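Coming up is one lone chain in structure tokens, specifically the form predicted alone.
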Amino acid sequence: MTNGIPYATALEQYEPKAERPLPDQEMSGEELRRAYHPDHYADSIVELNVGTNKGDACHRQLADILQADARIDEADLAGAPIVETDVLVIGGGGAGCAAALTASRGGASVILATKLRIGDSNTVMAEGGIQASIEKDDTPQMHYDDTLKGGHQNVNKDLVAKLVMNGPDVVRWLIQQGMQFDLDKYGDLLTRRAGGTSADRIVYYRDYTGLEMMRVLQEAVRTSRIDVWDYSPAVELLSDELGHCAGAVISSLEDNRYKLIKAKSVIIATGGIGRLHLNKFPTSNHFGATGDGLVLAYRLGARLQDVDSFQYHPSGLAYPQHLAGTLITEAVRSAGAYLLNGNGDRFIEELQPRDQVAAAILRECAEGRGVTVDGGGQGIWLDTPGVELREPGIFDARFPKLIELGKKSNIDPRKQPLLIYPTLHYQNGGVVIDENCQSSVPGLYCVGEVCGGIHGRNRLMGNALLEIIAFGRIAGNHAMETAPSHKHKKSSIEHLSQLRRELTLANMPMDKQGPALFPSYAKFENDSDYGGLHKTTQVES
């Protein structure tokens, strides 16, 4: 039985109040993180035994898939159809769409291959908004400083500078594509503040900014010359005689065939790894977030960084249990919602950086001040009734998605607090890239959550949606402009021989295959079982 205060008891004791004092803090942010943040859990970090980052620290579960054997060998590709293109984009979220649109509009032939359908991605899960320095009392320098501080200075400063300087133009570009934003009565963009920042800088559309962004990107891609391959996960990259990236092997889930796409440039935009449920945490990520791009890039020799650092968003829904991990936007705390333990007491300044707030929530639960749920699970209160008390009507006007989540939960957040607990939300590290999104492997670009270096060891709210559009456009443009004029003479998966030699020499198990493609609880035995995501019934003869 988890130590804490039963849900019914804590709810009976709860009383909405407009104002609540914050007690003096006994621990610094760094002390909180080291004592309670999951990145510091004992035995969760191991050293990589093979590959470019051999000897580097990595989360144990991620290390397992980075050091797994491939799903295919040469014999699987005999007779596979071959298609050629200038640019291959792998991933159909916001980053992939921005890259594909930019390359296509520049004149390149583009194939966009996505594991599920275009738009099935973490982009649509993003609720809070986009950071862009557009207010008169804000500057790109302040945005830059906030990002460095939030990431604990562990960032590529050139990438951060490019990120913040692109902010206003990204918002302008999105408006040109047809994206809506919330406006004031004068028609100016409304802004709100993110945790760990020094100015109101988030532009947004209600509490489903990412969904609105994906709506316009999806429409733009579908009406373009881009060749979209749905239900087509990449299972391996191709390399040429020089070791440059030369395309990918696609596993079609609709006709159960492998297909080869030869490309002058490849852009990986496959997102993060939430569905690995690191440290057994629930996740806010979409069903396909299994780190495929990270595995493929590493196997081809791309350098990684900070693969021991992950973001656990403070406000994942903890009750009811069938919705555990569902994201509640940080914008609710930005609007003034307090965090309360089971005794009804505040314990952290709510707009501190996410890693610090998550660690504080975990401390309250570990020390018996959390709220426990029958059947397992625990959390603390997100004091939404207090916000409604101070500003009546705010949830109906600004948080319609939260109201809908309340209906699914049989809880009215205007009258009853929501139980929340940290949810695995974001992969802070990833593939090392330069200012043009090029990895250490020639011909291979990476963009979005699959990359490292931009957010350091803790991402700020709103910087992810900014990143995917800013760097998606940069990657698409550079891949289009610098693609070699000639085709690759040779495209193969010979790099797998080196992988298997390394695995054997390191005495690594060869019974696990990657990339994972889907979480383990999907219970697919092999690629041919997917049948367009509807498991084929296996009939024994």
Ligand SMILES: Cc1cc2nc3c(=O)[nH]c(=O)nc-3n(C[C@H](O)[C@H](O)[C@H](O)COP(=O)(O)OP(=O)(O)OC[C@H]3O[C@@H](n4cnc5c(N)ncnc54)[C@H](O)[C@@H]3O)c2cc1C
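The numbering used is simple: start at 1 and walk along the sequence shown. No experiment lies behind these values; they were computed from the predicted model shown.
Beyond the structure shown, there is the form predicted together with the ligand, which is absent from this document and is the topic of what follows.
- Note on contacts: among 458, 122, 439, 341, the single residue with a heavy atom within 4.5 Å of the ligand in the predicted complex is 122.
- Residue 233 is the only one of 452, 233, 316, 150 with a heavy atom lying within 4.5 Å of the ligand in the predicted complex.
- The putative spot formed by 88, 238 and 514 is not touched by the ligand in the predicted complex; no residue has a non-hydrogen atom within 4.5 angstroms of it.
- Note on the interface: of 139-147, 424-432, 178-186, 100-108, the segment with non-hydrogen atoms within 4.5 angstroms of the ligand in the predicted complex is 424-432.
- Taking the partner from the other structure, the ligand in the predicted complex has a heavy atom within 4.5 Å of a heavy atom of residue 327.
- Shown alone here, residue 447 lies within 4.5 Å of the ligand in the predicted complex, counting heavy atoms only.
- In the predicted complex, the ligand lies within 4.5 Å of some heavy atom of residue 464.
- Under a 4.5 angstroms non-hydrogen atom cutoff, the ligand in the predicted complex has residue 114 among its neighbouring residues.
- Of all the residues from 389-416, none has a non-hydrogen atom no more than 4.5 Å from the ligand in the predicted complex.
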